[in-house]
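Next up: just one chain, as structure tokens, the form predicted on its own.
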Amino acid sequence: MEGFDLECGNSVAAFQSADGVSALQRMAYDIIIIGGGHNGLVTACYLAKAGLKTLVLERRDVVGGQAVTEEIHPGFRCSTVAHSAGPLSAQVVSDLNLTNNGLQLITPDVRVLSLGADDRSLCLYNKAGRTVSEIERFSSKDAGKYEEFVTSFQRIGRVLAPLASMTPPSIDQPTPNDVWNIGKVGLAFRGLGKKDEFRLLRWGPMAVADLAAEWFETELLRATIAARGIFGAFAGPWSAGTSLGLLWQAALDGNAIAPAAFVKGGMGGVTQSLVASATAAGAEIRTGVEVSRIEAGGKISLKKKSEILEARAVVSNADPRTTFLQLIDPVNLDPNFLLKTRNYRAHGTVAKVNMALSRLPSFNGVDSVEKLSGRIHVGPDTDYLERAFDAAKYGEWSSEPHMEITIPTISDPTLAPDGQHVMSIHVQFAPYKLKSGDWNSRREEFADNVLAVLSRYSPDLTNSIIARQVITPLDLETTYGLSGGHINHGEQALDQFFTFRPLIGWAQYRTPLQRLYLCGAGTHPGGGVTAMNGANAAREILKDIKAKKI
């Protein structure tokens, strides 16, 4: 596709500001993308491959957003925010030739190891047969149900999977293509059979705790399943609609229980392969550049360089609240739209503790290193998870938090010196707003509590810690640009999902501001390193260019 020549062509018009000091420059691009996170880079890759002159602007000195590998101590590199990939879209990997651009995925046989309060552990594998043998140690009844549980979610996942790569249909004016795509999903639904049809209709609005209890009696297994429904959410397992997380996981992966999906070199391996693909296609990437304002008509202003850039279209990889409430003058948006945006829920509940370790710690009841190679779950029963959420509701971090832990150096020893390790701990619940004190003064107290709880399961952990990094919800906002510290750019609840994400009437990656699009996790299909948001947004932008709408 030929690049679009703006009136000013490639010329640069410079002029003095009122004080005669700073110069304003107007440059021509086809596409300007704000934010070099993985979805912004995916969008850049597709648009640059289509022949459009594409520029990516990243506020930090490193691209990647949440999918980044950073040194937390000399010689120790860690996936500091997101520590598991995806499941990354195989179609995007193929389209953008990411494997040949350095991407190496690592998928251990272990999905998750769940640590029990009684020093027993339960390991769930990719292979259902191995998992059944593990569950039999707890309950023969549960072991007998597990394969049906897996196959039911596989069937439902196949029905829902096309939704992830689909642009949500317009509610008011669905196109013939919208009707066709939804119709195909409807036909697939009818092919499920009555039992799974009924399950899908019931499960969507259910509390995930109820769903897990319908299948299993073992509390540790129930809690492991329920944890996926509340991952990154301001919700507990008894909150209505949390089963959506399991259904969507099945759509993306074919299983209600998320896999352990790592990347050689850490999560930065994803975004570095995207950088290679984008630059090979002709995209320009600039770091250390912060956008101060988005104007109608494809214009943006840069914060420090007093530079104005102009393009055929602007694409924001920032979350919806940041985009509409911070980067756009409110006079350019309808008051009703602004009200809905202010009510868009993005209350962060996640903190991270990353550690450099002198050796691999041992865990109670765990008899092999292989079992530590996937995700490690701390949250022995459903009520434990609900109590952890209770604290967040009242502005306190949980004294007994739910944790998801990874030790990526088991599969990828290049991240640390020989024989040493890094550990990444995703902690819930840690509310963005604290009732007493603030995150800057209480971060170390928080980390001490996390380690005290984890030490019950790994008594020798504290003696192996060389250094630790604490990332609070406030850090997620100020350093990584996540409004409210929300890792998914907003709650993925039923009313902020699919045709309602981010807002009803604006789920097609377009916005009320002329020539502005969204491509981040605040769009469908939501959070996680799937890369589908960026691919879907690029498709809609190219569609509008072909139709000469921009």
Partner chain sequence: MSKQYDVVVIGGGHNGLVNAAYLARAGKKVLVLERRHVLGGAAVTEEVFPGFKFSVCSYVVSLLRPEIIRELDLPRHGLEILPLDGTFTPMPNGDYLWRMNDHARTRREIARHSKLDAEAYDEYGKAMIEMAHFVKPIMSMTPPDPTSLKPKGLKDLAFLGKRFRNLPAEDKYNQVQLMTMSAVDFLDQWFETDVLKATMSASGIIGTFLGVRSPGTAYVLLHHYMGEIDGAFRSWGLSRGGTGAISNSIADAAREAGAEIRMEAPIEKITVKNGRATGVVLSNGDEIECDVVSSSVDPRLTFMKMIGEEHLPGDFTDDLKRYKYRGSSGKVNLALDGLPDFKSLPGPGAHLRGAVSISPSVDYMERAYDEAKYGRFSRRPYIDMVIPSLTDPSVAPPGQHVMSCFVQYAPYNLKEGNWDDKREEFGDTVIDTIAEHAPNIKSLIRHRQVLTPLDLEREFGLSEGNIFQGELTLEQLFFLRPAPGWAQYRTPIRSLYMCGSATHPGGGIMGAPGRNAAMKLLADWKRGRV
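Residue numbers count along the first chain shown, from 1. Bear in mind the structure is a predicted one, so any value in this text is a computation, not a measurement.
In what follows, reference is made to the form predicted together with its partner chain, a form of this protein that is not presented.
**Student:** Decide if the three candidate residues Lys304, Arg539 and Lys546 all line its partner chain in the model of the complex, where lining means a heavy atom within 4.5 Å.
**Tutor:** The answer is no; none of Lys304, Arg539 and Lys546 reaches its partner chain.
**Student:** So which stretch, 265 to 273, 409 to 417, 151 to 159, 379 to 387, is the one near its partner chain in the model of the complex (non-hydrogen atoms, 4.5 Å)?
**Tutor:** Stretch with heavy atoms near the partner: 379 to 387.
**Student:** Of the options Lys340, His73, Arg130, Arg456, which one has a non-hydrogen atom that comes within 4.5 Å of its partner chain in the model of the complex?
**Tutor:** Exactly one residue meets the criterion: Lys340.
**Student:** Only one of Arg359, Lys141, Lys184, Arg190 has a non-hydrogen atom within 4.5 angstroms of its partner chain in the model of the complex; which is it?
**Tutor:** None of the other options qualify; the answer is Arg190.
**Student:** Wondering, does Ile171 line up within 4.5 Å of its partner chain in the model of the complex on heavy atoms?
**Tutor:** Result yes; Ile171 sits at the interface with its partner chain in the model of the complex.
**Student:** With the partner left out here, check for me: in the model of the complex, does some heavy atom of Asp61 sit within 4.5 Å of its partner chain?
**Tutor:** The answer is no: Asp61 has no heavy atom within 4.5 Å of its partner chain.
**Student:** So in the model of the complex, does any heavy atom of Leu434 sit within 4.5 Å of its partner chain?
**Tutor:** Because no heavy atom of Leu434 falls inside 4.5 Å of its partner chain in the model of the complex, the answer is no.
**Student:** Should Val369 be counted as a contact of its partner chain in the model of the complex, where contact means heavy atoms within 4.5 Å?
**Tutor:** Flag for Val369 set to no.
**Student:** Using a 4.5 Å cut-off on heavy atoms, what residues in 265 to 288 are near its partner chain in the model of the complex?
**Tutor:** None of them.
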